[in-house]
Ligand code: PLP
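Presented as structure tokens, the chain that follows is alone, the form predicted on its own.
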């Protein structure tokens, strides 16, 4: 089951596609809707967010919309109309029905070159069964991302920290992981600091403290990680951000890769070295994420 909404005017700062038409319309998701000249297709010039939903309710929607707007600003796209996007997201989730797990993907591109009207759509689908990866976990390798941890300051034009459609590198590293008999990747800066996964945030436990890589590292703000921190703090854990190295990962009591759809996947091996799984905490985190209503 999947559903699709096309936005008529993704930003109030740009003209609508059809004057006087509603802000969005639900369309046949299997139909033809996107021009081959759209810069999102030809240049990857756009942004996206993936938002989980449970029983017809979006999860961490405000955090996702804030990050969506921040990515748009980084690419100098017209400011997204947050209400139009919110309404389209809710409509698509409603179309998917009252299912335990679903997700929607918001996509916003610069549109056809010279047209002046950005393109926007929301696509939703029922989530695949991810129960096994949440229990059995993932084998991870660390790979050099090729730039320093402070690249956001030294080279802001690289758009590090924006969730763009340019995902060729993120797909390539997963293929490299498979060549190394692993499932996923943790990026490391060229000067040795842990960053993020290609589609996830890194979370580690050291005693009673949950940590994630420090802010200002040109990585995405973790919406799922933010929810987990709130849950952890309410249950007596300390939380924090810090510059961490690969050695810090090897000495951690547990490691997870967390994301909107997969939730918390425990890391079972790091660069071929076994990692202990905190099964109790993993279950508690995933139960919370599946049931949250934010």
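Note that the structure is predicted; figures quoted are calculated from it, not measured. Residue numbers count along the first chain shown, from 1.
If you look for the form predicted together with pyridoxal-5'-phosphate (PLP), you will not find it shown, but the lines that follow are about it.
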Problem set entry | Residue among 189, 71, 201, 127 with a heavy atom within 4.5 Å of pyridoxal-5'-phosphate (PLP) in the model of the complex | 201
Exercise. Considering 106, 109, 212, 224, which brings a non-hydrogen atom within 4.5 Å of pyridoxal-5'-phosphate (PLP) in the model of the complex?
Worked result: 224
Exercise. Is residue 265 close to pyridoxal-5'-phosphate (PLP) in the model of the complex, meaning a heavy atom pair under 4.5 Å apart or at it?
Worked result: no
Exercise. Given that the partner is absent here, does residue 86 sit within 4.5 Å of pyridoxal-5'-phosphate (PLP) in the model of the complex, heavy atoms only?
Worked result: no
Exercise. Does any heavy atom of residue 258 come within 4.5 Å of a heavy atom of pyridoxal-5'-phosphate (PLP) in the model of the complex?
Worked result: yes
For this session: Report whether the minimum heavy atom distance between residue 197 and pyridoxal-5'-phosphate (PLP) in the model of the complex is within 4.5 Å.
Result: yes
For this session: Tell me, please, which stretch of 164-172, 73-81, 89-97, 115-123 lies within 4.5 angstroms of pyridoxal-5'-phosphate (PLP) in the model of the complex when heavy atoms are compared?
Result: 164-172
Problem set entry | Triplet 134, 279 and 283 all within 4.5 Å of pyridoxal-5'-phosphate (PLP) in the model of the complex via a heavy atom | no
